[in-house]
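Just the one chain here, laid out as structure tokens, in the form predicted alone.
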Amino acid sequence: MSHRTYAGPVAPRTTDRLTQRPLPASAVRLDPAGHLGRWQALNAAATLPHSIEQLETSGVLPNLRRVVGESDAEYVGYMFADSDLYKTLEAIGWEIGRTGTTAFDAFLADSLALLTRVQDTDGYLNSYIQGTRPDDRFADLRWAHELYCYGHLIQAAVALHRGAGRDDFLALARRSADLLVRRFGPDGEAGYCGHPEVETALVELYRETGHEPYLATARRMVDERGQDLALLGPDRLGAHYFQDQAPVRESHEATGHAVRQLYLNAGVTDVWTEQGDDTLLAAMDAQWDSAHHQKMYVTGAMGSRHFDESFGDAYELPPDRAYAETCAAIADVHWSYRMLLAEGGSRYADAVERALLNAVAASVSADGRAFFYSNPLHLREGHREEENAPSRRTPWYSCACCPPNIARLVASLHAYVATADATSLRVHLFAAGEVDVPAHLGSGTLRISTAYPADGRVVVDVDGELAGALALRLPGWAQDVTASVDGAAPVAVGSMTVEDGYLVLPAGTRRVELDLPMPAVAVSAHPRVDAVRGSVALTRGPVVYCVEQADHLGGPSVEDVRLVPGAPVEVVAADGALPRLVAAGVAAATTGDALYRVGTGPADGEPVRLTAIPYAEWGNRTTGAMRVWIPLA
């Protein structure tokens, strides 16, 4: 276990505008026996080593070697393949900070040496351009992804500087960042990337170094976006795809390529944090409402269209054609956390939790070595696989942005658990582990004991002196919540102090036992979500469930089942896994092969016992049909 004090992925220099402030990442330690702690351990033991192996076999490392004559292989993959390496390096930085591991030292040494050999003297570093189109530097900002790759290089360097104390990667990344300042900064030419990402990275590099031109360059990119459509130029996908249809301050709807929109919004929120301008924050408020109140899947996934990996119209959320890219859910975790810091309020932490425990968790296999790129909420029998929409998780993709993105997020999960303000310590994600009390609020450690999300009992013990308030999130899904404070009888939290969705307990509190009842609940969508009208999704606490053919082998197809309205749903314990749900259903009778028929169809059918598993666990057994939304009988 590492004992260094280090900052996490978001470490603002200016905090006077923020409602909440991050704790040092080193202040939070997840218990490997807990739900999130187990995920981090699996990430370190399986996902990270697997990603490193794939960087070689997929061509990412050979692509770099060929630039300096160390490989005669052809360039392989997309023009942004370098970013797969950078995201993996970022994950390693957070993992070293978390555990102090030396397991990746040789890989780090080799990677640094290779990148140093490839980088030009002016800081330019891009295996695609250098190796295939050396005369086209920054000639195609719309599609070449050069700035996108620099963003991930910068974030990797920041993580390795914070988590591992390494200056060498930071020096390499700064040479590239200085090139961007000279080219696109306040004294350079106008330009920004067709795939936003470098904005948030440049802000974080400013935070790490104090070098203001990095922040100024990020601000200029945000200010110029959508002002001059000629900068990126026309494209068959349209300006919305690139979030270039209007200036950022006038863009109030989540639109276009989902990952790009959400990464852009993280960067915009970072710029607001450091420099202000409430017109930026107002646009982010509108964007957040658009994304989460009209365009988010029940799993927390984002993006409903395969064609351009984009947001659809409001309420356009088809479960079987959900694109729901893994990277979009990860990007939303990044952005919603920044909005939590900016404005407080449990809704942002609710969004982080929903995405983490459902959309992101479903994207990685139980062994940590296979991944979904898109995450449908309904897989039909006989599904015809597409490159990024397979019927099962695969070890890697030709466009492999998602696997190393999972690795870097999970390695830094502990940084999202708790924050502080001037008077209180706030717990946002319930996870077994420890949280150090910040010095301005006292001393000591919070010890959190819980099996969450397997059950809703959360016990927080203060080991030391907490001179400020303790605030615990009351999830939006929770009802009839009770709390026992310092051994007193449990009382309904409605009779206690609740602010912005948090139970606030006074200074001097020593022990809190929070009880969040977790009955199985059937939820329905807004009436305008036509694709699932007349259907419900089963949930328990923050966890979304699905029915999978693997639990009904030899029985009816899950394509034909319906749920009996109002019938009780049984919660069944499962060894080593989250509970299962069992409900009464019927298998709809079929009446021939006619695609359409007069009337409403059969109203009854054979009784069946439906078993539902957490959506995050589907696809780990046999391949077959799956659905989150179940029609009512």
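Please read these numbers as outputs of a predicted model, since none were measured by experiment. In case it trips you up, residue 1 is the first one in the sequence shown, and so on.
The form predicted together with a further copy of the same chain is left out here; the points below concern that form.
K.L.:
May I ask whether H240, Y315 and G534 all come within 4.5 angstroms of a further copy of the same chain in the predicted complex, judged by heavy atoms?
P.N.:
The answer is yes: all three residues contact the partner (heavy atom, 4.5 Å cut-off).
K.L.:
Can you say which of 524-532, 161-169, 111-119, 135-143 gets within 4.5 Å of a further copy of the same chain in the predicted complex, counting heavy atoms only?
P.N.:
That would be stretch 524-532.
K.L.:
Quick one: of W94, Y545, Y297, Y263, which gets a non-hydrogen atom within 4.5 angstroms of a further copy of the same chain in the predicted complex?
P.N.:
So the residue touching a further copy of the same chain in the predicted complex, by this definition, is Y297.
K.L.:
Looking at E250, D486, D320, D278 here, can you tell me which has any non-hydrogen atom within 4.5 angstroms of a further copy of the same chain in the predicted complex?
P.N.:
Flagged contact: D320.
K.L.:
Counting only non-hydrogen atoms and a 4.5 angstroms cut-off, does G554 reach a further copy of the same chain in the predicted complex?
P.N.:
The answer is no: G554 has no heavy atom within 4.5 Å of a further copy of the same chain.
K.L.:
Is K87 one of the residues lying within 4.5 Å of a further copy of the same chain in the predicted complex, judged by heavy atom distances?
P.N.:
Judged by the heavy-atom cut-off of 4.5 Å, K87 is well away from a further copy of the same chain in the predicted complex.
K.L.:
Hey, in the predicted complex, does Y6 get a heavy atom within 4.5 angstroms of a further copy of the same chain?
P.N.:
No, Y6 sits far enough from a further copy of the same chain in the predicted complex that none of its heavy atoms falls within 4.5 Å.
K.L.:
Is there a heavy atom of H292 no more than 4.5 Å from a heavy atom of a further copy of the same chain in the predicted complex?
P.N.:
So H292 counts as contacting a further copy of the same chain.
K.L.:
Go through 372-396 residue by residue and record those having a heavy atom within 4.5 Å of a further copy of the same chain in the predicted complex; state none if no residue qualifies.
P.N.:
The stretch touches the partner through H378, R380, E381, G382, H383, R384, E386.
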